[in-house]
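Quick setup: one chain, the form predicted alone, written in structure tokens, and binding and motion questions come after.
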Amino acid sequence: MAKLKVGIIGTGNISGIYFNNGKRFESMEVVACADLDVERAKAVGQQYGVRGGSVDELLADPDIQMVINLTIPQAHAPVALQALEAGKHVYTEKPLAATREEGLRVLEAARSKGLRVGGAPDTFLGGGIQTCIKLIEDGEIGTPIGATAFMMGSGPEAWHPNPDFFYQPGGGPLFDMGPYYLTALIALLGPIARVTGSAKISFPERVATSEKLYGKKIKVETPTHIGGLLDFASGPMATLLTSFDINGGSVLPRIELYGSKGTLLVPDPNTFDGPVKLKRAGEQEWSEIPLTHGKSENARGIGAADMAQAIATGREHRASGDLAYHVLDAMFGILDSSANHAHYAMQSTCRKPAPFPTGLADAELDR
């Protein structure tokens, strides 16, 4: 199978793992990169042995078939639409777009042109969560009943070089980290039918404590402590809590999944590995389950590689645009529910992503 030629737009810190893993998988080859800062793109391109230049140059290249969009969240949809107009498939970092309306425009543009859209996060394709999916499908916890998911932290102003955007609309813990948790839950349990939420701004102003920004005041314009209830179409109900307001630490688990015959402790959905732990009904101790799938080291970019192979073979790709939009719809739905004091019936759905088969080599994405 010929490798799909890929260009990366956006050469910030996260781009490095995409360049590295672009060489890891058999389905794609990163051949160019671009950035608004053209000199930066040229320098990064030289570092990784690819062409670096402007966005217009990359999109005009007829050899590039797919764009990996690593721009800032507010630019995700505009850049995706520009790439689709140029005839390129698009894989976008999370979230898919800054608004539902933008997300729908991206999906509709792709459909109208016969192109594909995919979106991060792709951590659910790692060995940890894929092992959990297999345990559920093998009946190890019986019928899934519910789940709890927690992302509890103190916010990024203590370390991030530019924390302001985390506290603007489209930021906050739900939009920053929520996609990892929601995508994992959908991969485990299928699409969501209804959400209910409660959200608040606990501290209207934050103060940066990093060395370079020490003392800088940051106005908070988006909720920073958000609780959500998720009703899944398949029956289970989950509780999701995300917060930047926890200053004394937390010992809550990342994700626990409850079934009629046992409980599954799901690993951090922002990682690709374990541990995976299982406690069956009647057992006194947790058992750590060996991972049944590979890709447990940092495999960020595997969603794009899987999409590249799916384009070549005609099958569905796992980190799909519909999945990314469903997550976006759920996040806005939680905030809408809080603001409107009412449940939000999801206006979108998606397919539960197909699991990976076991026994694949590291570079393989299917048999």
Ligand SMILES: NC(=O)c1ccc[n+]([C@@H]2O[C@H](COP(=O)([O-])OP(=O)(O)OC[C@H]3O[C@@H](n4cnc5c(N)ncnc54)[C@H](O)[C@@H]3O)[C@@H](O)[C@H]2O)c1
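Numbers follow the displayed sequence, beginning with 1. Everything numeric here is computed off the predicted structure, so don't read it as measured data.
From this point on, the text means the form predicted in complex with this ligand, which you will not see here.
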item: Option from 329-337, 312-320, 64-72, 22-30 whose residues, in the predicted complex, bring a heavy atom within 4.5 Å of this ligand; value: 64-72
item: 4.5 Å heavy atom contact, residue 55 to this ligand in the predicted complex; value: yes
item: Partner proximity in the predicted complex: residue 93 to this ligand, non-hydrogen atom cutoff 4.5 Å; value: yes
item: Exercise: residue 76 in contact with this ligand in the predicted complex, heavy atom 4.5 Å; value: yes
item: Interface membership of residue 36, this ligand in the predicted complex, 4.5 Å heavy atom rule; value: yes
item: Residues within stretch 176-205 having a non-hydrogen atom within 4.5 Å of this ligand in the predicted complex; value: 180
